[in-house]
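Only one chain comes next, encoded as structure tokens, the form predicted on its own.
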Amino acid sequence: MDIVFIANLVVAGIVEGSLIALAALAMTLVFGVARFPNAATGDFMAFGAYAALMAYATAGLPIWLAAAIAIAATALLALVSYRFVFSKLLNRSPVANLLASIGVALIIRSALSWYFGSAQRTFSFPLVRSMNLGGIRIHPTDLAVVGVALAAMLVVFTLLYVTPLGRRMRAVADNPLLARASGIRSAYVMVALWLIAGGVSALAGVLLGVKAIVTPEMGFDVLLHIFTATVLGGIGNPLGAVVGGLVIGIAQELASPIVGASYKLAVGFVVLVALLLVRPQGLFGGAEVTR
């Protein structure tokens, strides 16, 4: 493989990795505060993609406005899921919450399949040429996808580490009992958490739909990638989730000429296992504290 071919694989890996990283960020936010892996993340993505597609293709709205509507709708769906499902399980084990999230995911996926069917749908955009930079081809759509994903990550990190809401969320994640004793309203934090997680998942789904196709199973198909990136970066660590997603995306694309596209998912698990053998807590995970 020559250097130009490898560079093109890296570019493709960055595009794929940015989508995985954005979805993994949504998952790790829930894990960090609510303390369980949200298996419905992928189906929130699919719901967001269909909401944007309806607003774009049916109502004829601009793609940015369609994406904004999808983010709002999915954030509301995530909040409803919290209100009627996860808030009832606050004192239950992470396994109970995980199983509940699987149930929520199945309900969303089944509803999408019932209403839209299983046919593949796409966002129709005008055809544009790829940019050729010394043999490295970059499509404007890919550039937009990565740019929007990075901008969304920057907004989330600013929210987490600059605003009072972010400080409250981190306090609840670090020590819920101490945060409650300090006067932090955990219910307010949880509402904000699910709105953010739902909105970020929706944006990841819209970008994935723009990049590929929209189907009811699109989120489920990438769920293992999301889990892998979350664990690789260090469960509950937002920065680790982003880096883990990029590592998984680039590693899979670089390996695809060798193992084939059908087996590149296994590459992500190989990278994960190899890292966990050396660093069990993940790239950015800290020592586990017993509560």
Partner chain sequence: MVHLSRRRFAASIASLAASTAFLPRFAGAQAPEFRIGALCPITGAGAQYGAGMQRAIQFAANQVNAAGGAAGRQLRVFTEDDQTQPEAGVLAAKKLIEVNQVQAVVGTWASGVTLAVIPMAVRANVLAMNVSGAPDISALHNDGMSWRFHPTNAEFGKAFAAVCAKQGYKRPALMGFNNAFGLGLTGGFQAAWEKGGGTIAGRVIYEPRRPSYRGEVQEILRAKPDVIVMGSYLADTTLIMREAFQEGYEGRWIMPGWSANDQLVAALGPQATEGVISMDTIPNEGSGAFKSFDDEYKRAMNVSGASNVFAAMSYDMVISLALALEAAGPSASPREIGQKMRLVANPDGTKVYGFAEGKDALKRGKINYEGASGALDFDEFGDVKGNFLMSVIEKGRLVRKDVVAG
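For clarity, a rigid core is taken as the largest C-alpha set superposing within 1.5 Å between two forms. Residue numbers count along the first chain shown, from 1. Quick caveat, the model's predicted, so the values are computed rather than measured.
Not on display, but discussed next: the form predicted in complex with its partner chain.
- Stretch-level contact check against its partner chain in the predicted complex with heavy atoms at 4.5 Å: of 59-67, 31-39, 256-264, 227-235, the positive one is 256-264.
- Though the partner is left out of this view, residue 168 does not reach within 4.5 Å of its partner chain in the predicted complex, counting heavy atoms only.
- Proximity of residue 221 to its partner chain in the predicted complex: non-hydrogen atoms within 4.5 Å are present.
- Although the partner is absent here, residue 91 is not a contact residue: none of its heavy atoms lies within 4.5 angstroms of its partner chain in the predicted complex.
- None of the heavy atoms of residue 185 is located within 4.5 Å of its partner chain in the predicted complex.
- A single residue from the set 175, 120, 163, 110 has any heavy atom within 4.5 angstroms of its partner chain in the predicted complex; that residue is 120.
- Though its partner chain is absent from this view, in the predicted complex it lies within 4.5 Å of a heavy atom of just one residue from 193, 210, 104, 149, which is 210.
- Core-superposed comparison between this form and the one not shown: CA of residue 64 displaced by less than 2 Å.
- Residue 224 is not among the residues whose C-alpha shifts by 2 Å or more between this form and the one not shown once the rigid core is aligned; its shift stays under 2 Å.
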